[in-house]
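Consider the single chain below, provided in structure tokens and representing the form predicted alone.
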Amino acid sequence: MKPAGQCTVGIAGLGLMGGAIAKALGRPGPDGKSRQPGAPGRLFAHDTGAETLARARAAGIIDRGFDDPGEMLPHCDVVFLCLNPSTLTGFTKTWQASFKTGALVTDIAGVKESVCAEADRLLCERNDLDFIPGHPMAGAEGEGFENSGRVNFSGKNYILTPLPRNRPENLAFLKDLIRLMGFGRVTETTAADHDNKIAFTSQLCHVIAASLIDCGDDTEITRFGGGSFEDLTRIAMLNVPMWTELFLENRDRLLSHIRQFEKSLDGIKALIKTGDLPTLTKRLAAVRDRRSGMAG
């Protein structure tokens, strides 16, 4: 892979996360004009929304927008597939012949086993490519390019699930790009481990937030919020099609964690019901200490 400053990066899907990645990679450097040191030389984007591409181009975020991915991909040394898992699979099958020879391809999908399988298929048919699956652990409420400025990558986690055939030099290059965007920690793991842990740290949390909003109908309840309610329910303002797909794609692991959560909730509920002050105090203290002991 040539130096980043000589590379063209393409982003397929300029929505919430695609827009955030474009803004992070296209951030101005110290002179306020050229891009930050280590940034790609050119930044292209494909999206089905002509208005989105026009706005991104007018704001100087991208150098060029394409409504036809077949026109963009042959120019791109690096491609970020900012698409839902099912869309991603169709995209790579349709456009696999259009990727530039030797291109580094990555994605941002929230489940990895199906993506890794598709990456492996693509690499078998295009052995000149290198597809390294990934997942940025960042986001914001809302959806679409118009909300992408609310996404904060600073210090956040980024997970990679490399394949055995991935090239070490490309993995190192991708990690440099990830850190350039502001992420603080890059973790490598397997697709299965990713999907199990994400079912707990992300998907279960969205289920809980959605259920909390679903269980009450007082639309004025926020008048009584002091921060806890707002913190717990912010992610209920979700991208419905995407999260529906993620829940169902990872259903077995998610259901296992939901059952675990229900068991814990039932236990605390029973202690409250019986008024067992000593046991409830001990349990809550253990929870507090466990959370305090977790890595930041």
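This one's a predicted model, so the numbers in the text were calculated from it and none came from an experiment. Note that residue numbering begins at 1 and tracks the sequence as displayed.
The form predicted together with a further copy of the same chain exists for this protein as well; it is not shown, and the discussion that follows is about that form.
Want to guess which of 63 to 71, 46 to 54, 262 to 270, 22 to 30 is within 4.5 Å of a further copy of the same chain in the predicted bound form, heavy atoms only?
Within 4.5 Å of the partner lies stretch 262 to 270.
Please determine whether each residue of Gly226, Leu254 and Leu284 possesses a non-hydrogen atom within 4.5 angstroms of a further copy of the same chain in the predicted bound form.
Checked in the predicted bound form: all three residues contact a further copy of the same chain.
Are any of the heavy atoms in Ala39 no more than 4.5 Å from a heavy atom of a further copy of the same chain in the predicted bound form?
Contact with a further copy of the same chain, no.
Given that the partner is absent here, does Thr244 sit within 4.5 Å of a further copy of the same chain in the predicted bound form, heavy atoms only?
Residue-level check for Thr244: yes, a contact with a further copy of the same chain.
When the contact criterion is heavy atoms within 4.5 Å, does Thr222 count as touching a further copy of the same chain in the predicted bound form?
It does: once a further copy of the same chain is placed as it appears in the predicted bound form, Thr222 has a heavy atom within 4.5 Å of it.
Can you check whether Ile159 is within 4.5 Å of a further copy of the same chain in the predicted bound form, heavy atom basis?
Ile159 belongs to the contact set for a further copy of the same chain.
Identify, from the list Leu122, Val151, Leu83, Ile208, the residue with a heavy atom within 4.5 Å of a further copy of the same chain in the predicted bound form.
After the contact test, the surviving option is Ile208.
To verify the annotation, which of these, Leu88, Ile198, Leu171, Met181, has a non-hydrogen atom within 4.5 Å of a further copy of the same chain in the predicted bound form?
None of the other options qualify; the answer is Ile198.
Within 4.5 Å of a further copy of the same chain in the predicted bound form, which residues of 222 to 248 have a heavy atom? Give them in sequence order, or say none.
In sequence order, Thr222, Arg223, Phe224, Gly225, Gly226, Ser228, Phe229, Glu230, Asp231, Leu232, Thr233, Arg234, Ile235, Ala236, Met237, Leu238, Val240, Thr244, Phe247, Leu248 come within 4.5 Å of the partner.
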